[in-house]
Each structure stands twice: as C-alpha cells, then as structure tokens.
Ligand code: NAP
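There is one chain below, alone, in structure tokens, taken in the form predicted alone.
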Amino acid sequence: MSVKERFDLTGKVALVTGGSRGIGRAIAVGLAEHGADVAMVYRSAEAEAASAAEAVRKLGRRAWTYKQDLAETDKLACLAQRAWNDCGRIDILVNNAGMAYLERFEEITPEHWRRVLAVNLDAVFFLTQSISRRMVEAGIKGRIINLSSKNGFVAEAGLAHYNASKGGVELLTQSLAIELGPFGITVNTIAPGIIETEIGGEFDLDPAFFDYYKEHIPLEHRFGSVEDCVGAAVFLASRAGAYMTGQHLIIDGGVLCEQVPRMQFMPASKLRRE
C-alpha cells in the first residue's frame, strides 16, 4: 500500500463538531482534502459554517451543516440521527467543539461549571454513544477523535472547570477505546497546547502573559496554528492510524517537556545559525 493510499479517505463521511471555525474548520477541510465528505455542527456562527461547507464543496466533496448547542445533551441523539440519515453513514466522528471561561475557582458559578462540562465532556460522551451505536449496527470500523488539551494532563490557574473537563475527556477516551475496540472502532485524542484560535481570545489577561508563555515553548517560541492539528486528525482517521487506540497526540510545541524553566539561567548556547 502506498503512502497516498494509507491516508486516502475517499468514500468516508466525517462529522465534526465546532466545524465552522478554528481547529474544527481546519480539520474539516483537511479531511475533505484527503477525500472525505464532511458534516459540520455549529452553535451560532452560521456564516462561518456556510463558508466552511463551501470550502469543502470546492474540493469536490459533499458537505452538510447542523446548528446545535451541544450543551443541550438531551438533543444529541436526534442530531446523530439527522446526520446519519442525511449523510447515509458516519465513518469519522471528530468531537472538537469546546469552550472555556477564565476565572478563579472561588468565582466559578454552578452555571459556568455545568456549561463547560456539558460542552467539553458530556457532549463528547453522548454524541459518541449515539454515533458509535450506529457504527456497530452498520458494521463500520469507525474512528472517534476527541479534541482534548494539554490541560488534560497538567492544570493551569483560572481554568478549574476546563482542566476537569479535558482530564475527563482523556480517561473517557481510554474507556471507550476498551469497549469499542472489539468492533474495530478506534478512539483517540488530539491534545493541543495554545493554538491561535478564537477560544480564549476574550480572556482578561495582562498581554505580557503571552510573551512569557512563548518564552517557554521550546519549538521556535511560537503558538501553534490550526494547521498544526490537521495532520494528526488525518492520521487518526485513516488506515495509517488503524492500530492506534486509547492514545493521545500532544501538539504543544514541547511545553509539557520542561518541568522547570531553566534555559534563561544557563550560559548562552554556542549554537549559531549560519
């Protein structure tokens, strides 16, 4: 099998939540570039969803859009049924949609706590439950890809609810990998660090934070782009990733590699660029 064949998604149908913009849009278009038809779920960004669908269609693939607030978990079974009926099947489910509030733990209200957990964790569970049941009944050896975060492994101040939700996604993913493995369905996560997207753009932070953070990113001292996440999604969705399940791909520029920042306290490097 050639490299091209290993990553070919022709004939596959993907359902991507939060597919109207940011990482979700990039993954939706990236899957289409490799041959998949794509359905996208959005909450309110109707114009952006239409634009993403048009980008998919320009690649010669089919596209569908669905407006749904994922916090309304009691409606996700209906969403799954509608998408399945319209698309004929779902081979790849990308649980990408996510949200966060930046606030100290003593300031978190029950409403904020429940909404973050509902969108980031509950929706992942219930949509996967509905879609995977149909995959099993149809004999589809599908792919479930959950967008987690490096915050699923280490915590950050001001994000107690977000940290908890992403830690939950990591262990949920492993649990589902065990139970869906006998049916040939893989379940994995993509765990980004800071990616230049809309989420977090309205956080009330001293701008100096971003320069400070970049100093501690080993890879070129830069934030990631949405395109940096696409290759991982295509790999996990394709035959190239067929024997990988219950795992995570961390895309953070190396932030988690360094427990204690030390470089700035060491003698200057003798390495020089020509």
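The structure presented is a predicted model; accordingly, all values stated were derived computationally and were not measured. Numbers for residues come from their place in the sequence shown, where the first is 1.
One more form of this protein, predicted together with this ligand, exists but is not displayed; see below.
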Check: Within a 4.5 Å heavy atom cut-off, is residue 80 in contact with this ligand in the model of the complex?
Finding: no
Notebook entry, point to check: Closest heavy atom of residue 147 to this ligand in the model of the complex, within 4.5 Å or not?
Noted result: yes
Notebook entry, point to check: Just to confirm, residue 14 within 4.5 Å of this ligand in the model of the complex by heavy atoms?
Noted result: no
Checklist line | Contact test in the model of the complex: residue 166 vs this ligand, heavy atoms, 4.5 Å | finding: yes
Item checked: Which of 137 to 145, 84 to 92, 114 to 122, 175 to 183 lines the interface with this ligand in the model of the complex (heavy atom within 4.5 Å) -> 114 to 122
Next item on the list: Sort through 59, 217, 45, 230 and report the residue having a heavy atom within 4.5 Å of this ligand in the model of the complex.
Entry: 45
Item checked: Contacting member of 70, 39, 236, 29, with respect to this ligand in the model of the complex [4.5 Å, heavy atom] -> 70
Item checked: Contacts with this ligand in the model of the complex, stretch 180 to 197 (heavy atom within 4.5 Å) -> 192, 193, 194, 195, 197
